[in-house]
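One chain comes next, on its own, written out as structure tokens in the form predicted on its own.
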Amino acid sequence: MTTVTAPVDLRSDTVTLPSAGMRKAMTRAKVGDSQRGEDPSVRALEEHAASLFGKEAALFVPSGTMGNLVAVASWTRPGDIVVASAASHIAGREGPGISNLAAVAILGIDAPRGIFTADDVSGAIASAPLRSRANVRLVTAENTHNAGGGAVFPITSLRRIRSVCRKAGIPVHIDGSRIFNASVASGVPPAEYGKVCQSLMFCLSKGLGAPVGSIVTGTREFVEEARNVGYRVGGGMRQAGIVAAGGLYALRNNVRRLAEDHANAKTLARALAEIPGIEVVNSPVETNILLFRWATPSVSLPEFQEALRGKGVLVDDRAFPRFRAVTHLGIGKQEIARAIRAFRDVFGRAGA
């Protein structure tokens, strides 16, 4: 009998699978009609999530995209301006949906690795068209910053940004899809991130390993408005406690282990940096995302994909010859060792 070895899937931390312990928790979940507020597992998840960030309330939503959408729509009105990193999800992939459904304009800040400063925020507000300056209603920060290679937004910078926004009467929203990666890498507790923003969204999937769902936190008034917006865009769920139980398990069991993902990403980065012609773009690697570039590719993208897949390794190669590799719950030291051998072989043969 032939044993099929699963590929080392480094395309994203969205490919994680729920563990046996998480599946068990999900099968035992107590459920009810969550749209009516009657699902005990959803309520337990929301209460726990809010407490982690020192917020009054939280809302369980199907995805991070919906979480950011309902947050932006709750803080703004049609015609308002949202300030964000130009390379952020809110300005990029989520931008068309947010602009269409919330009817807002997004003013992007160009900053190294997506980490802008309080001065950048002041400048963005001042650069808005004269008649629109009063309509800059929200500033958003992505932490960690995906396009920046999992860059951690420094808490000191966020505090300064919060100070500028407080004086201007503008709330701050954190797109914290990977906020726990930021917390583990920096040693900053989640509650400290909660203090520098009026609202925050984070994903229960990705590195935390839950199968689905995200959380939006803030004041009770904000969360109630976000809940109403969510209903309008299809966010009302029924017996959602089954998946909410997976999210609660993730928060209780899978946060500390994110340090393993960070260590594995750094190990992979060191090995790739030793291969001639390979440049690690986001050196030093801070969290679980590694960006690297093949300086002089000698094969086409299909040829590269076939060669690497033949070695049992998958990476995000949409920007060939620039790549992204993401470590996660399904990647251990053995998988990293397999990936390193594959990269050395493929890049070595291509460069021969």
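In case it trips you up, residue 1 is the first one in the sequence shown, and so on. Fair warning: this is a prediction, and the values are worked out from it, not measured in the lab.
Same protein, other form: the form predicted together with a small molecule, not shown, and the subject of what follows.
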Which residue, S186, S157, N146, N282, is the contact with the small molecule in the predicted bound form, using a 4.5 Å heavy atom cutoff?
N146
Just to confirm the contact call: exactly one of 102-110, 270-278, 229-237, 169-177 touches the small molecule in the predicted bound form at a 4.5 Å heavy atom cutoff, so which is it?
169-177
Mark N68 yes when one of its heavy atoms lies within 4.5 Å of a heavy atom of the small molecule in the predicted bound form, and no otherwise.
yes
With a cut-off of 4.5 Å between heavy atoms, is E260 one of the residues that contacts the small molecule in the predicted bound form?
no
Answer yes if any heavy atom of C203 is within 4.5 Å of a heavy atom of the small molecule in the predicted bound form; otherwise answer no.
yes
Using the partner position in the predicted bound form, report whether S300 sits within 4.5 Å of the small molecule, counting heavy atoms only.
no
